[in-house]
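Read the single chain below, which is given as structure tokens and is the form predicted on its own.
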Amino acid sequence: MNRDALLQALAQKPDVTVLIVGGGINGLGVLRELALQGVDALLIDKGDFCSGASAAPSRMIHGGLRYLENGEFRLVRESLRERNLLLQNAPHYVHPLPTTVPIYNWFSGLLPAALRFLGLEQPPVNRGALLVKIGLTLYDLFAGSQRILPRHRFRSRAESLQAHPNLNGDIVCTATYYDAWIAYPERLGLELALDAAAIHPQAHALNYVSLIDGSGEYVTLRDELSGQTVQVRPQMVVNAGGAWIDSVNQALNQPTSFIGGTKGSHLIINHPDLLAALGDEMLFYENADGRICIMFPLLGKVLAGSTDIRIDDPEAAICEADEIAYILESIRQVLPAIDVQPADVVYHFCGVRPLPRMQTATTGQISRDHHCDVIEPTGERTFPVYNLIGGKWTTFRAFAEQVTDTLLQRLGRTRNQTTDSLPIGGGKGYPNNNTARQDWLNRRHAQTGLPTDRLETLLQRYGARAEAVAAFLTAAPDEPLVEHPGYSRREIAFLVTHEQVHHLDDLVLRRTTLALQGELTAALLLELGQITAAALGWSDDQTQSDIERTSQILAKRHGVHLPHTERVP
């Protein structure tokens, strides 16, 4: 059912069992869980899917080594399990990541760590080899029988500098362990919505629809594209608004103060020497203030981050100049021989972690765990509101499963299917080894006539969904983009028509990594705008307006300036 038809159907039949507000990774996870149980559900987001905090992660899929310092053992154990499940269920996007920790002394940090573990507030301190050893031993222990990645190991100073000659020479040793990284987090979120629609005909996801009011039996929604409003009558509401949870509750005439978010900024750096210095590993290291920072190779560039700064208004979260300076200085401390300058930053992004409101000495002590807080019906509102507080990318499936079980209990229904071994999107039928991969490429080449290197690119971008993309490409004449031959015109048309693209920023920021990789130019944006306009029936004025809109977003939020944006002819 297309967007207009669905909005018309809701106007005529407003009853919805579960309304999910927020199309980030937690809300999308709940939508798929409910679809699998045969529960009709409608998910809405005032912007695009995964355009808030879910678009601004470190791109790590990890157990949370640092969380051990706060005594969050349950969270670490759950995170490690979910990391392993994502490696199995989303192998097209989630990959192992060897991670090296530079260590500058042997025994420091033990007493403050013990006091912090006992719940006493302590400032960040340098973590010595013994403390890191204890943490990594627990990390391996919590992975338990589910371990699918190697155990940690330590290297001497000499071995470490041989492997990473550019490391700060003051190290005494390094430790290397394994976590994972995700190539296309926003695409994986979108695939949850596509899976839900394929599983259950009454599971729907709409981007650019906001909740503007809620009282009595009804909730009023507004289509942000057309301005029209529609009322729905939910049995229950799941507030998955992330950093905007309190804003959603305000619109429901139920003021809350659940969220005390912090913003995290990351940089994408184009620096061949820095990329070469990392090899295939992530560096997980302390900045001078004791905050943990990271950098690792990402799609031919280097991702570095992050900051952790309290913020009240999530709409105001952008990566500031002092945050860029902070992250670059942290790189110089761990790799002093490599000169990285602000001009090497081709993209930056910032998101607000939807953390619970807590008073702590440092932001690092705020819990990264998740829970669901229920607001029961009142005389003025007939439905309960389930608020999804906290959580992180790695644990979205477990959180969604827990919330769904609570909803099912209230509905008097039982679970039909679990998701712990259910592939996501392009992970279904994904060729997991070289032999299977070559066989997949050979068969698709025979079917479509596309060159195997083109098919390899599609497989990397879309997983097993590349089969549908390839069929679309060959159903009519196609040609490479003039401004980016790595994509073709019909590939862009496929994304626009099959993946709920309504603005160019949906396309360049979340359906592709063109902006993130520093590959976007004014001429390319114009070419993409013309293809999108043809697919969506935009006028020249609409196309020009959206190009300008996207250019402003790129400049304000991501440091990507296209000063000579061309006009639609």
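A residue's number is simply how far along the shown sequence it sits, counting from 1. Since the structure is predicted, the reported quantities are computational estimates derived from the model, not experimental observations.
What comes next is about the form predicted in complex with a small molecule, which is not displayed.
Here the chain stands alone, but in the model of the complex its contact with the small molecule, taken as any heavy atom within 4.5 Å, falls in 259-267 among 259-267, 374-382, 401-409, 476-484. Using a 4.5 angstroms heavy atom cutoff to the small molecule in the model of the complex, all of Ala240, Arg353 and Thr394 count as contacting. A heavy atom within 4.5 Å of the small molecule in the model of the complex is found for exactly one of Asn168, Gln231, Ser210, Asn432: Ser210.
Comment: the small molecule is not present in this chain, but in the model of the complex one of Leu525, Ala53, Leu34, Leu509 has a heavy atom within 4.5 Å of it, namely Ala53. For the chain shown alone, Gly47 is a contact residue for the small molecule in the model of the complex, at least one non-hydrogen atom being within 4.5 angstroms. In the model of the complex, the small molecule lies within 4.5 Å of some heavy atom of Pro57. Contact annotation for Trp244: at least one heavy atom lies within 4.5 Å of the small molecule in the model of the complex. Residue contact with the small molecule in the model of the complex: Leu274 places no heavy atom within 4.5 Å of it.
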